[in-house]
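First, one chain by itself: the form predicted on its own, in C-alpha cells.
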C-alpha cells in the first residue's frame, strides 16, 4: 500500500487489436486488482481504444537504471563467452 493512502500504483498496458502487442498507456492507483482492472477499463478504453488490458504492479517491474553504466549495454561482440562457438560440442550430439 502506498504511503499516501491512494492504494497500489499499477502500470496499464493496452492491446489495440487481437494479435497486436500491448503498449504502456499510463498508470493508476487502486487497492486491489479488481479495482485496478475496472479503473483501467474506465480510464483507458472509454472510446474503444483497446481489446485487451494488462495490469502490473509498479513495484513488480524490474528495470535498468542510468547508474548501471554503459558496460551494462555493451554489445555482446566483445564478450566471446556469449557465443556458442566458444564451447566445444561433444561427439554424438546431433541437434543443438
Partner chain sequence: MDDPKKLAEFQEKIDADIKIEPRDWMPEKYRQNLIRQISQHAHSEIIGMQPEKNWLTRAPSIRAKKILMAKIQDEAGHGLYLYCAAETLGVSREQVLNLLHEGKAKYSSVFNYPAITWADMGAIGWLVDGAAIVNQVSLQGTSYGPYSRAMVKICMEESFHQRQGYEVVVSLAKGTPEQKQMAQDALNRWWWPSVMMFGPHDAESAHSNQSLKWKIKRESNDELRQRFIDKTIHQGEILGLTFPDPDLKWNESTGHYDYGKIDWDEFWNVVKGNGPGNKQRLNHNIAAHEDGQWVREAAIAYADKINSKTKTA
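Since we're looking at a predicted model, the values are computed, not measured. Numbering follows the first chain given and starts at 1.
If you look for the form predicted together with the partner chain, you will not find it shown, but the lines that follow are about it.
Although the partner is absent here, residue 60 is not a contact residue: none of its heavy atoms lies within 4.5 angstroms of the partner chain in the model of the complex. Although the partner is absent from this view, residue 51 stays clear of the partner chain in the model of the complex, with no non-hydrogen atom inside 4.5 angstroms. At the 4.5 Å threshold, heavy atoms of residue 55 stay clear of the partner chain in the model of the complex, well away from it. For the chain shown alone, residue 69 is not a contact residue for the partner chain in the model of the complex, no non-hydrogen atom being within 4.5 angstroms. Residues of 14-30 that come within 4.5 Å of the partner chain in the model of the complex, judged by any heavy atom, are 27, 28, 29 in sequence order.
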